[in-house]
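Given as structure tokens, the chain that follows is alone and in the form predicted alone.
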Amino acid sequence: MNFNLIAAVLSTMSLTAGAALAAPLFLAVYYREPVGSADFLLVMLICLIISYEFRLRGRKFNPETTVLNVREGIAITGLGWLMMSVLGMLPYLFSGYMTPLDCFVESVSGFSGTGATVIEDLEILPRSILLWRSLTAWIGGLGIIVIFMAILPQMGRGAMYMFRAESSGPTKDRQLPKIRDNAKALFLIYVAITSLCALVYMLCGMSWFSALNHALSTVATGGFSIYNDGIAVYDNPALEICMIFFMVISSGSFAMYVVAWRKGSQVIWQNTEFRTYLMLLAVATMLIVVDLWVEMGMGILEGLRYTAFHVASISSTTAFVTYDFDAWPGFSKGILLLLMFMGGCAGSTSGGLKISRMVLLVKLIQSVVWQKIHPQIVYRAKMNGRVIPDEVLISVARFFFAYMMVEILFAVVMLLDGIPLMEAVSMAVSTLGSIGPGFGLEGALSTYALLPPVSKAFACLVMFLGRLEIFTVIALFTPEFWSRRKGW
């Protein structure tokens, strides 16, 4: 383990974090916010000091000769995310609106794309703080490491380990030969979709500030809004249709869009995972519309409006709200809970288990059944026309087991902390899946502010586990991981 190298990379990341604060600082100065200007300058100074201290303890490295190993890639990814979350909480802390624990929850929720908030009145916050909330979601959506490599690509050989430690999904394929080119392509598409989203929102009637914040949060599938009532404050069907489109687009693999950029749009429609995702959205929408019509007497068109929005919002793990779905019948809430669990596509900004893993789990079960019936047959699972190696199927099964164990353990912690059973289960699914709202105490129109301190603290850990897909975080808590023995 090369701690000098890790310190050098964290030094540069801290400097980058300070640079990201320039946008809210400019806004604070422009609108003459007395709290924001001084706070952001102080945080930028802290970032500079931390960068300097890491640089003293690190060493300069030549990107052409430096090679990162697996452990160093995981360490940089895990510690980088933790450092960014701590630095990200400082603007909230210095503004004086929240307790230290709540500040950390808000920061982790933003960077992990969970979108849960402990702020009960968003509309009293300065614009600079609101922009910083949306920026944390946007930075964490594509990934701190991916954006870092895209902007400052001098990472040396072995940077693929950092990319894999942060990326989501059962496979970590890259679409371009060089990892830095791959990161740049993902970042450019990310910026392009975000810019288009903001423009469309403005055309739908949003102010430039609201459009910018909601576009950052939509494409990152973070779900942060600048209003207490969220998107419901607009009551605009045209805007909701546009938001559905961008939430669904953001739930698709950005790597798929890189390939489509080079080979044509037919790549998108040939993708098994994305087709399956769209089919699940259609089926879920139809089932909930019928349930709302039968159980609540809601009109078909009205039901379709609210259902299509929330199915897209929940499945993409954006969790924007236009209607209190906590008041829906049990069957409809059950479908939403299932969508929370599944999430979006691998390689997207969405959370959840991922559709590709669900598809591969079904294929794994199918292969076991076929081998029981026909012991002599060699079954080969396929996705997108390619044979899936057995080790990938095994890794998916391992991840599914770990995912379920984390959800169960977190639910038990909340039960011991006084949270009712169904609310504990829904929050465990919601937090690990980076969705945000659940049902009951942390429902559609509620916040995490009322959660007990122990549950808030554990929620931060679970949000980290969900965003970095469990094993990267668990590795950091393993004593052998930090061993200096050779061969690791």
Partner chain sequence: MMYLLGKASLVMMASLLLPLAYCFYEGSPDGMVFLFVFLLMAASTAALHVEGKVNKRHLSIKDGVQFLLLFWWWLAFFGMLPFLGSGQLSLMAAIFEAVSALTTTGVTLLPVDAPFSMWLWRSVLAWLGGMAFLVMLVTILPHVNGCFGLTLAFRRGMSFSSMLKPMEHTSLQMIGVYSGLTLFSWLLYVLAGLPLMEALMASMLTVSTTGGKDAFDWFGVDGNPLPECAAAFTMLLVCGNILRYWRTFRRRDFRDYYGNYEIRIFLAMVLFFGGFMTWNLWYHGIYDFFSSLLHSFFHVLSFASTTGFATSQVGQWPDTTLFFLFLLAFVGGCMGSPTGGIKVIRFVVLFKLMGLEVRRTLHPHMVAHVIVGQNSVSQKIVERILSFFFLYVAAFFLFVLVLCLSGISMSEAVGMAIAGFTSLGTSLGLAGKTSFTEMPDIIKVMGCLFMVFARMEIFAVLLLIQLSFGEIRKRW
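Here the structure is a predicted model, which means the values were calculated and not measured. Residue numbers count along the first chain shown, from 1.
The protein also exists as the form predicted together with the partner chain; that form is not presented, and the subsequent description refers to it.
- Stretch-level contact analysis of 107 to 115, 214 to 222, 368 to 376, 131 to 139 against the partner chain in the predicted complex, using heavy atoms and a 4.5 Å limit, identifies 368 to 376.
- Looking at Ile74, you'd find a heavy atom of it within 4.5 angstroms of the partner chain in the predicted complex.
- Not displayed here, the partner chain is kept clear of Ala308 by more than 4.5 Å at the level of heavy atoms in the predicted complex.
- In the predicted complex, the partner chain stays beyond 4.5 Å of every heavy atom belonging to Gly264.
- Taking the partner from the other structure, the partner chain in the predicted complex has a heavy atom within 4.5 Å of a heavy atom of Ala475.
- Among the residues Pro100, Gly299, Pro237, Gly330, the one placing a heavy atom within 4.5 Å of the partner chain in the predicted complex is Gly330.
- For the candidate set Met286, Val387, Leu416, Leu203, a heavy atom within 4.5 Å of the partner chain in the predicted complex is found for exactly one residue, namely Leu416.
- Contact residues in stretch 351 to 368 (any heavy atom within 4.5 Å of the partner chain, taken in the predicted complex) are Met358, Leu361, Val362, Leu364, Ile365, Ser367, Val368.
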